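First, one chain by itself: the form predicted alone, in structure tokens.
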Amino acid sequence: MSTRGVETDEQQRIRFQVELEFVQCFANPNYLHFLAQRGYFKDPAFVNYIKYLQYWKEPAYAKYLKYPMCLHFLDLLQYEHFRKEIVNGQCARFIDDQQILHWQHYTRKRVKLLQSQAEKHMMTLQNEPTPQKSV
């Protein structure tokens, strides 16, 4: 920060990038487990920082997220019970496994949806009458 307590444009840009990267790390249950094992979730200042990061759920900021699943974990981190449970390695592995299953199912479902849309589009193109040129 500058001497007056106001961030310069460069400092704001760097803080944005750092917070963007950090909040996206929440999409990784193993990273959450790492933080929990080291006691970060017991630190009131850190818990307060997690509350502050909720501004990433606003559309103006969320549009920059590459891993939107992090927002779900950001919500879960607001609960003390979740912060206590994620210290358990089995809990982190279970969540990680569920995420993988979700993405596998989502990918298959998405491919089928895109294929059916493409087939419907081809059918409509084939059924359209071709314009006749007048001579």
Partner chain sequence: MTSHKSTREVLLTCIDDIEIIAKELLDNLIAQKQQKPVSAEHSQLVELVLQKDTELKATLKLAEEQGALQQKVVALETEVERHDIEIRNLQKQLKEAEQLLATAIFQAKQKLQAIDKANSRPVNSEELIKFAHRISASNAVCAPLNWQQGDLRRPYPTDIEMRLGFLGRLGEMNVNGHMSFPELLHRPNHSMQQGSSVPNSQAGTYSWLSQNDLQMPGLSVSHLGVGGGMDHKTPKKENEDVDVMSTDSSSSSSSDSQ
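Here, rigid core means the biggest group of C-alpha atoms that superpose within 1.5 Å across both forms. The structure displayed is predicted, hence computed values, not measured ones. Positions refer to the first chain, counted from 1.
Here the subject shifts to the form predicted in complex with the partner chain, a form of this protein not shown in this document.
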item	value
In the model of the complex, R13 touching the partner chain (heavy atom, 4.5 Å)	yes
Q17: touches the partner chain in the model of the complex, heavy atom cutoff 4.5 angstroms	yes
In the model of the complex, M122 touching the partner chain (heavy atom, 4.5 Å)	no
is_contact(Y40, the partner chain) in the model of the complex, heavy atom dist at most 4.5 Å	yes
Within 4.5 Å of the partner chain in the model of the complex: residues from 70-104 (heavy atom criterion)	D96, Q99, I100, W103, Q104
Is_shifted K112 between this form and the one not shown (CA, 2 Å cut-off, rigid core)	yes
